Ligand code: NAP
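Only one chain is shown below, in structure tokens, and it's the form predicted on its own.
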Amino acid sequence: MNSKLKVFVSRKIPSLGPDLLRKEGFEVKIWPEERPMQQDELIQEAKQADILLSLGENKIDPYFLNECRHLKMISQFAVGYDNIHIPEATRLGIPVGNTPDVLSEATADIAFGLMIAVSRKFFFNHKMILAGGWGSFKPTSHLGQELAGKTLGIFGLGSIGMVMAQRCQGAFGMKVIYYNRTSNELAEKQFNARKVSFDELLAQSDVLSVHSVLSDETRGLFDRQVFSKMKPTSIFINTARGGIHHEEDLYEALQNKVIWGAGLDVTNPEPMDKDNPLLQMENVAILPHIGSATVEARDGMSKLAAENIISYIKSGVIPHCVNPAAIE
């Protein structure tokens, strides 16, 4: 391997990955500032590198890719890659790697936690204490709902959805239904999960948890019309990508009691404005996109992003490649 290959990392990440790259003889440069890079800055740095280790916040569109068509590969520090124009990367022969599986446990924990927080109004009640509103016992005020025996609907039953199903069935004995393009035979065997149509998913789910990728097919999918097909007692959870739901329509559905509650780790847009009315709603819990924010998950992502690079340079194979046609 050419020991002079240069890797540019577009934000400070856990040292496990960069250290591994240096150990293998790569020259590693890391963006030093605590802010996202502007595209012109990213282009300038990428032009001086052979490989880009990018984050989901980076805009890697056709313009960027054509300006940096010399790149040997892009290794994404994320599972999702909707920030990268994959067709253009493939056309230019730039393979893209990602980091699946290592954050499944951490992200499913957030989905599971949001579900409980919404069902029992954790965030609202905590804010009520801070505002000095903890008064006398009121038997009929601010009641939540129990989850035992309810139906969990999963939109996009992959590795994260599998862990979510395991959590919900183990803790609450929840029934599992799911909507996928293809059947998940393992889920059907382990959890007695049942594949249903999209409309059936909407009509039958007490909790609907989104775990799909953001694509042309899913962008803005959960809108006014879709929310109207859900149960008025249902809880909507999104820990995948904010672009999958239409935020104004979600607020309207909650305000008009079309659905009962919502838990979001992703918003549309991000970051969410501090004055967004969703933040003041009683049956809503929102987190600032922290699905992978554990030591274990971020270390795993850093290591996997580095291993994708090392494997490709050594053997021509990227263990987790989203566009293998770019290599072929």
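In case it trips you up, residue 1 is the first one in the sequence shown, and so on. For clarity, every value in this text was computed on a predicted model and none was experimentally measured.
The form predicted in complex with the ligand is left out here; the points below concern that form.
**Student:** Run the contact test on Arg181, Asp265 and Gly291 with a 4.5 Å heavy atom cut-off to the ligand in the predicted complex and return yes or no.
**Tutor:** Checking in the predicted complex: Arg181, Asp265 and Gly291 are all within 4.5 Å of the ligand.
**Student:** Answer for Gly80 alone: is it within 4.5 Å of the ligand in the predicted complex, judged on heavy atom distances?
**Tutor:** Taking the distances in the predicted complex, the answer for Gly80 is yes, it comes within 4.5 Å of the ligand.
**Student:** In the predicted complex, is there a heavy atom of the ligand that lies within 4.5 Å of any heavy atom of Glu217, even though the partner is absent here?
**Tutor:** Contact check for Glu217: yes, within 4.5 Å of the ligand in the predicted complex.
**Student:** Is Arg241 near the ligand? Define near as a heavy atom within 4.5 Å, in the predicted complex.
**Tutor:** Answer yes; at least one heavy atom of Arg241 falls within 4.5 Å of the ligand in the predicted complex.
**Student:** Does the ligand come within 4.5 Å of any heavy atom of Gly158 in the predicted complex?
**Tutor:** So Gly158 counts as contacting the ligand.
**Student:** Within 4.5 Å, heavy atoms only, one stretch in 172-180, 85-93, 142-150, 115-123 touches the ligand in the predicted complex. Which?
**Tutor:** So the stretch in question is 172-180.
**Student:** By the heavy atom within 4.5 Å rule, which residue out of Val213, Val196, Ala203, Val258 makes contact with the ligand in the predicted complex?
**Tutor:** Exactly one residue meets the criterion: Val213.
**Student:** Exactly one of Leu103, Leu254, Met230, Leu71 has a non-hydrogen atom within 4.5 Å of the ligand in the predicted complex; which residue is it?
**Tutor:** Selected option: Leu103.
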